[in-house]
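Only one chain is included here, represented as structure tokens and corresponding to the form predicted alone.
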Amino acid sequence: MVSLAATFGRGAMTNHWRDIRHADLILVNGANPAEAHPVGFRWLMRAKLDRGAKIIHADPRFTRTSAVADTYVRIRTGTDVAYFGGLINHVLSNRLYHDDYVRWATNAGFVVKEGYAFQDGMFNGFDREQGVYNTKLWAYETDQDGHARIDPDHPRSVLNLMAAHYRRYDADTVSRITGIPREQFMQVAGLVGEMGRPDKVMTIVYAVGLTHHTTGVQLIRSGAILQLLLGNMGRPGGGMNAERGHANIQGNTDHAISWDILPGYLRIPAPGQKDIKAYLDESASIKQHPRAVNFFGENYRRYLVSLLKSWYGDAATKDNEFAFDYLPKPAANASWISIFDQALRGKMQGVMLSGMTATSIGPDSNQVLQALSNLKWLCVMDPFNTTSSEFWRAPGMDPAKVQTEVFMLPATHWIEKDGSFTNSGRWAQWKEQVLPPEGEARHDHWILAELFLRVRELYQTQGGRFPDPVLKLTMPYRNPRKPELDEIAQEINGRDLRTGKRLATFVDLNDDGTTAAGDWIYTGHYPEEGNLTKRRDGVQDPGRNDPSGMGFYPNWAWSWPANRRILYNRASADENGRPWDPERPGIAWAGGKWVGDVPDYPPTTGPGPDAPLPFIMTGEGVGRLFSNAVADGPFPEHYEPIESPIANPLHPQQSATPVAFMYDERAGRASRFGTPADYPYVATSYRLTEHEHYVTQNVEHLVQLQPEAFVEVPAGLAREKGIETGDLVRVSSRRGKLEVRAVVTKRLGPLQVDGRQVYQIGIPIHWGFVGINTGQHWLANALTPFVGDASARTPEYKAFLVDIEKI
């Protein structure tokens, strides 16, 4: 989410599953869609079979995706910035980029402010005491109106700085870092270099194999930069396509499951922001080009005020700044590793877990167990017992010494309720209840409503500090203790408070208190005519339901925003409104209007040299090759994982990123990082087709299919260690151990990295000490490090050091 928003203005899959069939070349990195997303994967196969597209799969492990790819590239986990950086260098050095697109639709010509520097692995503006960069120093030169100076030939133009930055990523260096043979990398570069032609288009598909690193934001952003250079953003068959790991992860994010955002990706207010103006000054993007639409920045206030009206109703008035002071303004990071860090420090009294089990998810499960032991109380809402609700029974725990009071509230599973899922491609689709709830199970939102109303009753009878945010929150449901999901969907959509009618578009939201909406990007999914996520006009009649023939199917469900299927689709056509590739149009200017997909652009504004620029969500009006919206550098740079078998070949004195958040170090706890001398092998974790994280350990047939924890061991390493398939092995890191069966395999092979042989071990994550089939030391995240990336605090699940021995 962070990297795509920093580059394009929104943090979501830019195209959609069905659209992938339009691609000529498909790069798959850090993902295994053939097994993890088998339904969506058919569109990669349609591209391959119907139009001869090539698939290149870069992954540490040979999987079923690799088996049907045209090229399998074995890569050392966590080195994708070097891989993409080498491709960027190849495209720039050989002038293979889409020149017209780059000049018009990116910030390549923007001049960076004097003082920018990168030397010996460090960007300018680093505060060593705080361990952070001052990202405001990564700025453009501006004129008296605050607009960026544009001069593509200036030595400090983004394009020239970027070319100098990536010149170091030649094929030999890429091979030295990633382990990819030079010749194979050049073959890939040759194919990618062809994708800068207007009649060609490439897509990049990725999943948490890129996300779960201390450099995860930059791993993804490096791919996004490559796509901008090739002119592949906004186009059918192009884009940056993030595969979501569960059916509704996208919907969760849209509705602010993350601590640092409000619904619709509005920023959470910060301390010191005493009114809306102060909040907007720090949150909304500023127009930096006279032809920038700056849609998000210009409308930020409308979306915030409408949200406040939705939450606080008549209590939100113009005179009280629409109850802006009711919103929390967290003074410190509150991501979920931080929560358990606070518990370890003894600063957290209680935690509620819903739909996740902290013990299994980790990282560093043993440290999480200690954190849970430090709590006064723990409340788990889940359909089944979990390794968190039963944490006091974990191996090595002494229940007599655990004082935490544990509450288990049985909740319904998603098949026991209706509601909507929003898939990876932003399509919100309504589903019906399949089974009635069993026993005393209640829906999660009923449990939360009941808890809230009881807390409110305590405030009403006993008072309390700052009661208004609790007492004045609206609960406009027929039964506030049991709100229906249909009612909540209508509330999210929003309405005109003067007429009471539900709104058809977010364009009608106001900042004067006359409209309300729970999440502006979903305004329009439930207008007066009904719930559009229930629509199913699909392939039963393609001629009628897909008039463009491009697979948009506008009356199948509803896609945010505005039922648009491809984000940034204005960039699918040239400056004059003509599709770059007439055979694969996104939108086109014809007959005085845009036709095709719902335009990501002012709908009545025509093209031309004076027309608004294509990326309407950024203050620049263009895609950002250079961005100060991430915490660890305006250009992605290769850094080694925190635990690595080698020092960084580019700058060994600054091997890992200097801004990774080292929780133990900052808390004064002893280091829990291992070294190659004691833990010589790289490990990475992943999921299997047969299980959904940990919940399916309660499903008998799936447990029969994958009954027992195991690790995958490269055949060469197994020979060295005398390990055979079926042997019990102990895999250990500085933090913990697994004792499981070994599967000896050629799917994981040795790599030549910086002049030495490196082995990678594969660890599926699904087991623990709770479920139908359990083991004492089956928690995969007992091995992973307690460290977060600089921008999102995402743990480094995918690259760490271990040792292995036969038991």
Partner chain sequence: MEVSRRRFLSIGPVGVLGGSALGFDLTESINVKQRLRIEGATLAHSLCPYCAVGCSIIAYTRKAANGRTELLQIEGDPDSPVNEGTLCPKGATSLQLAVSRRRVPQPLYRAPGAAGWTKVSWEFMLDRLARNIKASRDATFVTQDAEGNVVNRCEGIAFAGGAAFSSEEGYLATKLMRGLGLVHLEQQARV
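Positions refer to the first chain, counted from 1. Nothing here was measured: the structure is a model prediction, and the numbers come from that model.
This next part talks about the form predicted in complex with the partner chain, which is not shown.
- At the 4.5 Å threshold, heavy atoms of residue 138 stay clear of the partner chain in the predicted bound form, well away from it.
- Among heavy atoms of residue 528, none comes within 4.5 Å of the partner chain in the predicted bound form.
- Residue 56 falls outside the set of residues with a heavy atom inside 4.5 Å of the partner chain in the predicted bound form.
- The partner chain is not shown here, but in the predicted bound form it comes within 4.5 Å of a heavy atom of residue 459.
- Between the partner chain and the residues 668, 271, 591, 609, the one pair within 4.5 Å by heavy atoms in the predicted bound form involves 271.
- Interface residue among 646, 717, 489, 662, judged by heavy atoms within 4.5 Å of the partner chain in the predicted bound form: 489.
- Contact with the partner chain in the predicted bound form, defined as a heavy atom within 4.5 Å, is made by none of 52, 65 and 199.
- The partner is not drawn, yet in the predicted bound form one stretch among 294 to 302, 186 to 194, 401 to 409, 167 to 175 has residues with heavy atoms inside 4.5 Å of the partner chain: 401 to 409.
- The partner is not shown here, but in the predicted bound form the stretch 446 to 469 reaches within 4.5 angstroms of the partner chain through a heavy atom at 447, 448, 449, 450, 451, 452, 454, 455, 458, 459, 462, 463, 464, 465, 466, 469.
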